[in-house]
Ligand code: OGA
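Shown below, as structure tokens, is a lone chain in the form predicted alone; questions about how it binds or moves come after it.
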Amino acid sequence: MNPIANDLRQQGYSQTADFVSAGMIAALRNELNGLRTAGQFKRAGVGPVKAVNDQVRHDEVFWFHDPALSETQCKFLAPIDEIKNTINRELFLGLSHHEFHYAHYPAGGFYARHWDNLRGTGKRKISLALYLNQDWHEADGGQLRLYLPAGPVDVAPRAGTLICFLSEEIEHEVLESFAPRESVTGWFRTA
């Protein structure tokens, strides 16, 4: 069984270091920074109407848009689609497509404890994040905290780390960041 699919089946989440090359991380980070410089990022919102709420989250995002994906986004999504196909083959989740965005948390940014999908209410099944933070240090904060039955697990947002978890099963939060925190974040969805 594929290690990511096996981890999801056994513990509800999977963490993979060095998921993509350093060159891919640099290309994604460069594109993210170029889009931010060009004013393409928007403050992230919450709820069905995506209202900005600084008590719940403080970050900004740029959504990937089919069919206008950049070459860098397409190169990132190729191994992501392989994971989706493997999870479908091994776990029979009926995943049909994905949605992704770049996320930038400034110093002081956070996202309070939440679920990406309440059980049985939506189509997000697997949450994913690939971290782009070069030279991340413990003091920089910004860890992803997963709330598991056995207790919380913190995932360091180090460049190249891919985290996947069951959207309906695992409540989580982004702890306060004391340095800029960047990622590609998204979901595998059902039709």
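Quantities reported herein were computed from a predicted structural model and do not represent experimental measurements. Note that residue numbering begins at 1 and tracks the sequence as displayed.
Beyond what is shown, the protein has a form predicted in complex with N-oxalylglycine (OGA); the following relates to that form.
> Each of 5, 14 and 125 within 4.5 Å of N-oxalylglycine (OGA) in the predicted bound form, by any heavy atom, yes or no?
Answer is no for this spot.
> Classify residue 102 as contacting or not contacting N-oxalylglycine (OGA) in the predicted bound form by the rule of any non-hydrogen atom within 4.5 angstroms, answering yes or no.
Result no; residue 102 lies far from N-oxalylglycine (OGA) in the predicted bound form.
> For residue 111, is any heavy atom within 4.5 Å of N-oxalylglycine (OGA) in the predicted bound form, or not?
Residue 111: contacts N-oxalylglycine (OGA) in the predicted bound form.
> Can you tell me if residue 164 lies within 4.5 angstroms of N-oxalylglycine (OGA) in the predicted bound form, counting non-hydrogen atoms only?
Heavy-atom contact with N-oxalylglycine (OGA) at 4.5 Å: absent for residue 164.
> So in the predicted bound form, is N-oxalylglycine (OGA) close enough to residue 28 to count as touching (4.5 Å, heavy atoms)?
No, residue 28 sits far enough from N-oxalylglycine (OGA) in the predicted bound form that none of its heavy atoms falls within 4.5 Å.
> Just to make sure I understand: among 35 to 71, which residues lie within 4.5 Å of N-oxalylglycine (OGA) in the predicted bound form, judging by heavy atoms?
Stretch hits: a single one, 57.
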